[in-house]
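As a starting point, one isolated chain is supplied in structure tokens, in the form predicted on its own.
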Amino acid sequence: MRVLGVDPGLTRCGVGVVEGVAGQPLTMIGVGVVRTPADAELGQRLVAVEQGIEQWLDEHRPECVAVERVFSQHNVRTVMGTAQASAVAMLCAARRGIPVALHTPSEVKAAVTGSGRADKAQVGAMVTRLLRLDAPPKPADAADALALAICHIWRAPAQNRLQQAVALHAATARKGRTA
């Protein structure tokens, strides 16, 4: 499975592509940051994020896009920019028919480090180790994007089985009502 992880942000939007399957060594295909000038008009910044993500989708052809789920922060302006960049990433994937998965920051940290309260240095260190890199990706947004992709590769099989079980249960329940 090839996954594009997106750590959304207006100034720095981390992007990283990881390939592999759960239980096997993973491979980093690419990592980077889509940057926009903080003094640019909002619409221009969103277009720049879109163009950057589209370029990553064109170049790496992921099977899925994993985006960090936006959570409430104290700074409303920051959370709005993050949510807007997140929506752009989801739109780019949806436009191409690529499935999108959302993962919370604590879910990603727990998947990669074993602790949902890990700091950025711990996430970077584990991403480096898991992908057998020489050094942690910089900036942290890039490492976070790779962590999102790793989290999705590891969690997708279990999530798919759960969704299938729920669908089967719903279908069985509907049959029982019509019999």
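All residue numbers are counted from 1 along the displayed sequence. What you see is a predicted model; the values in this text were computed from it and never measured.
Keep in mind the form predicted in complex with a further copy of the same chain is missing from the figure; the text below concerns it.
Contact annotation: a further copy of the same chain lies within 4.5 Å of heavy atoms from the stretch 37-45 in the predicted bound form, the single such stretch among 112-120, 37-45, 125-133, 145-153. Each of V79, L91 and L102 is positioned with at least one heavy atom within 4.5 Å of a further copy of the same chain in the predicted bound form. Residue V70 is the only one of V70, I29, L57, L26 with a heavy atom lying within 4.5 Å of a further copy of the same chain in the predicted bound form. Looking at S106, you'd find every heavy atom of it more than 4.5 angstroms from a further copy of the same chain in the predicted bound form.
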